[in-house]
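Before any questions on binding or motion, here is one chain by itself as structure tokens, the form predicted on its own.
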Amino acid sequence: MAKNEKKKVSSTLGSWVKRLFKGGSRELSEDEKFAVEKIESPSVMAVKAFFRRPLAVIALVVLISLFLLVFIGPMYIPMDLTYTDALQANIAPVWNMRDVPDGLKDNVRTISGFGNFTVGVSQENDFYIWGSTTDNLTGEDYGAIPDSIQDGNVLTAASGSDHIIAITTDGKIVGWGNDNLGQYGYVKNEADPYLQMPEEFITGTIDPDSVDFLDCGYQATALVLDGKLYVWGNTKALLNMVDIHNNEDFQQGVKAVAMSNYYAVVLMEDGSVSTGGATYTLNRQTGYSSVEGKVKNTSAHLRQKKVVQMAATDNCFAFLTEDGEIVVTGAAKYGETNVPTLPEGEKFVQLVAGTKHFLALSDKGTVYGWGHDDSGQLDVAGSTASTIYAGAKQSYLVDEGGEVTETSGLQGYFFGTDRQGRDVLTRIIHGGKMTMTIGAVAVIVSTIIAIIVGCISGYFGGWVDMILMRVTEIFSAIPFLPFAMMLSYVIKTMPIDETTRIFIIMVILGLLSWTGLARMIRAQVLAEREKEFVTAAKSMGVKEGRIAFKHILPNVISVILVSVTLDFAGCLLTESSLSYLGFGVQQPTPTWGNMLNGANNSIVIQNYWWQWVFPAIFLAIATISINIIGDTLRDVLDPKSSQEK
């Protein structure tokens, strides 16, 4: 007998002896115990199989993150549907619109901002610019400073919506940026509605000591030299520009000018204010005073006072009188007329304005702010300062030494702005909530219909099955997208509010997308109803409806789950398609689809890429993640999948 055979016989005999005295049972080894404990329910095994797939886990994390962003984000990032700001339109992604350059931080002489960039001049006569300094449509680079602007030779500077005017220490008036509308230099066509920059400013120099005031507005500039007012630019942007230009009263005694987006008001050295003619008048304009409350006639009220400073937002004018009172008048939209009332014994001594907010400084050094606060530009209210400045949507506090002590307001836009000046990121967040809500409700509606039709048709069969399947075929024969477009157009013309219309769109999407799932459920129920547990339930007297929906339906839930997941992605795309084509949710309510529709022209596609790239990325990420999750669920829930055996 060979040695190995002897060893095998010996082992077998030993095993028999052991079983004879200790019995047939034995203690399991640790590996064997672990093997037994691994016996798990199919659902637990499916979950573990899902999380063993890295791509599926990544897709799930991304989708959950998107859901948190679009459903929780709006609680912390509010959105005003009525908000528009032409001065903030089409800004590329930027995040330095509030950052004062290092060389200016501790020796500010002046800061000026009207649009999406801000300029400043230091006490050493150095010029600085910051913010969004490039126009993507025209290619204009406002940061390309002319050679005539050197370190230490700028007396003062002001920025408008699309141009900059600087005066050098040797008396040169330098302009750069857009000059197509008479902002500076020669007017190309005398028939155009523009006032040309005076010839002596273009070819010659001025006495720097004669500069009393310089400011730029929306395609317009105002300059005061020894009390004489000069204005030039687009007369359609500043509607009373011609009246001011032709008014002989402004040849002397002018102190300052305040320009809104439409009109200008001139402040005289004697403290009176004028609009230069009949184009725009303060007469009969209701004002709001920090002292007296509502003022019935702004002009009459100011005639009794001496105005020492003025400031203007897009639509409102504010006047600071010699006795420290502030009066605001105009088309207030964001609380610009809510002038704060000062404590007893305190009065205002300085007044500045952004495009939609006012800042004022009291004789106690306290800063007050009112108006629009969408970007935190009023966060400096309550702080102390020696001098205050305002950009378009920024606020700057400066101490006695010229050092910037505090800033607040718009830092920038991560995803840029659209053609209405609205933050693309904010609209993506709120639009994602709308898109996903519409997709979810549509899927819920279609799933409920599919379950009811599929279960009843598959379980009862016969004439019930025949009728329900013919109805299903009729619905499936309807061309989905064209029919949805027609229904959406009909709803669009109906006199109903936007919320009701959006709800109807959700229901329409659900009513048109249930047929595929209904057929799938019917097929599964047909197979399940022939099994023994159904026969047992019938023999026990269980009602037919309970058997279909309580016993059979849970056995096909995996198929429904996978289909619902994939249908959700399809509904997102369908809603986006309808909105993109103009038949879904309408502006200003955002969805990812109508944001893409707003970018549906060659100018936007070529020059303002961020307006369509970012909504498209979010929509693509959402649908791809959902499809990956759906495909993975189909694999792990399929008991015949060889990958999970």
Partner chain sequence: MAKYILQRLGFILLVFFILSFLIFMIYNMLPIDKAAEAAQNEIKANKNAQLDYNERYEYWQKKYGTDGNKLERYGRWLGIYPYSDGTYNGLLQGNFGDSTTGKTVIDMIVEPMKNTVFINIFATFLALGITIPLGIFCAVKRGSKRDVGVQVATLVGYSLPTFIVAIVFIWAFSVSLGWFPVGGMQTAGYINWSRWDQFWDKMYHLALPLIVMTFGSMGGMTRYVRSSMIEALNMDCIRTARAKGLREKVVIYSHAFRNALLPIITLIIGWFLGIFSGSLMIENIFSLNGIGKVYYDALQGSDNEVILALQMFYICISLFGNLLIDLVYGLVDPRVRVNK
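Positions refer to the first chain, counted from 1. Computed from a predicted model, the values in this text were never measured in an experiment.
There is another form of the same protein, the form predicted together with the partner chain; it is not shown, and what comes next is about it.
Just one listed stretch, out of 165 to 173, 191 to 199, 486 to 494, 437 to 445, contacts the partner chain in the predicted complex at the 4.5 Å heavy atom level, and that stretch is 486 to 494. The putative spot formed by 506, 561 and 568 is not touched by the partner chain in the predicted complex; no residue has a non-hydrogen atom within 4.5 angstroms of it. In the predicted complex, at least one heavy atom of residue 583 sits within 4.5 Å of the partner chain. Residue 473 belongs to the set of residues with a heavy atom inside 4.5 Å of the partner chain in the predicted complex. Taking the partner from the other structure, the partner chain in the predicted complex has a heavy atom within 4.5 Å of a heavy atom of residue 479. Proximity of residue 619 to the partner chain in the predicted complex: non-hydrogen atoms within 4.5 Å are present.
Residue-level contacts in the predicted complex: of 56, 596, 69, 45, one residue has a heavy atom within 4.5 Å of the partner chain, and it is 596. Shown without its partner, the chain has 596, 599, 602, 605, 606, 612, 616 in segment 590 to 617 as residues with a non-hydrogen atom within 4.5 angstroms of the partner chain in the predicted complex.
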